[in-house]
Structures are given as C-alpha cells and as structure tokens.
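Before any questions on how it binds or moves, here is one chain, the form predicted alone, in structure tokens.
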Amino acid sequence: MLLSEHQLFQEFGVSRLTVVAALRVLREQGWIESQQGKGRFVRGRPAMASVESNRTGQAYLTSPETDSPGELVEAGAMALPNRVAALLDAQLKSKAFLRRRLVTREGEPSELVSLWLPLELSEGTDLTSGEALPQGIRQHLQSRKGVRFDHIVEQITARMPTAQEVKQLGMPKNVPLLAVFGAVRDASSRPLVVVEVLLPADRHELEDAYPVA
C-alpha cells in the first residue's frame, strides 16, 4: 500500500500537484491501482515494463541508424506502392521520397527497412546520404523540418518475397516475408512518414505485450 498524497508530498518535499501527476502516470502505466475506501496499491511489474524493446515500427523511427549495421540500397523519388499510398493519404501512382536500407545482423542480411515520406518533407534533410544517420528519423525530421510525431498506426501482413528481395535478403524463395508498416501521424492525424520493415519469417518473430483491462 502506498502512502497518502499528503504523506508523499511531505516526505519528498514537492508540491501536491507533482504528487498527483506522478501517481497518475504510475496508474496509466499499470504500476499501481486504486481501491475505493482503501487507498492505492502497488500491482507488481506491469506487462508493458517487461517488453524491453520498442514495437518494430517505432524502433526504426527512434533508434539511430548507426545502431543497426547495414547499407543504403535506394534513396530518391519513387512511385508509391498502393498500401503505402493509402497510409500517406496520397494518390495512387504518385511519387514520394524513399530511403531503403538493408540491415545486417552478425554479418548476415536480416531485414529491409524502407522509409517513405512526402517529397517536400525530405528536402533539406540528410536522408539522401549514403552514411547511416547518427540519430533517429524522428529526431532528424524534428530538428530539420519541425514536425512532431504524435502516434503510429501499425499494420502487419505476410506475403511471398519478390525475386529482388530473395536476392537482397539471401533467403529461400519459398519462405514468406513479414511486412510491418508503421504510419506516423501528427496530433491532427495528418500522415507524415511510413516505415516499412520486411522480415524473413524463418528468422524473426514478433512479440507484443499489453495490459488486460
């Protein structure tokens, strides 16, 4: 059982508003629960805290490219695939900027990571650079273009690889790909960026954890 709000702000020397805000965050993250007439109790380690890594789409948007060895295989204006066009609210067959990297793990090809964004959003950035970015895409676009990421809509599908993907990833042609699409939007739900991650199904598994209401 936790101390009362009065006891907490006295013990830690902070304002009551700070204590209330901290308790709200702990409750939202699943660390504590309130029982009417009894008080607040520590629930234990919440499920989300046991997931050490970000979700797949988010991880590639927040982590520096230098954290993932690999090489740039494409960068420039490209025609949008239908699914990506829909996620960007763009017209079919229109063009957007594509930055695609082949990521390696332990010296072997592991996944293809594609970043799609409107052409005007790519201007004045380092996304055409063949070097791995020393910061995450989110931080880079925020500092260069002033955009603010608010939320991500993630979709996961499966399909067979193309001949080029088989060659790039060094995978059997009869093994399916897991395709993870993370559509980034601002606070008004305006699409900003789509990250597409292609994972050979025989080398990867996707794990998630969420609290049970």
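Just count from 1 along the sequence shown to find any residue number. Just so you know, these numbers come straight off a predicted model, no measurement behind them. For the two forms, the rigid core is made up of the largest set of C-alpha atoms that agree within 1.5 Å on superposition.
The same protein has a further form, the form predicted together with the DNA, not shown here; the description that follows concerns it.
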Exercise for review: Among 56-64, 161-169, 182-190, 34-42, mark the stretch whose residues have heavy atoms within 4.5 Å of the DNA in the predicted bound form.
Suggested key: 34-42
Point to revise | Interface membership of Arg203, the DNA in the predicted bound form, 4.5 Å heavy atom rule | key: no
Exercise for review: May I ask you to state whether Gln10 is within 4.5 Å of the DNA in the predicted bound form, using heavy atom distances?
Suggested key: no
**Study point:** Contact test in the predicted bound form: Leu17 vs the DNA, heavy atoms, 4.5 Å
**Key:** yes
Practice item. Report whether the minimum heavy atom distance between Arg144 and the DNA in the predicted bound form is within 4.5 Å. Key: no
Check your understanding: After the core is overlaid between this form and the one not shown, has the C-alpha of Arg27 moved by 2 angstroms or more?
Key -> yes
Check your understanding: Taking the rigid core as reference, does Arg16 move its C-alpha 2 Å or further between this form and the one not shown?
Key -> yes
Review point. Has the Cα of His151 moved 2 Å or more between this form and the one not shown, judged after a core fit?
Key: no
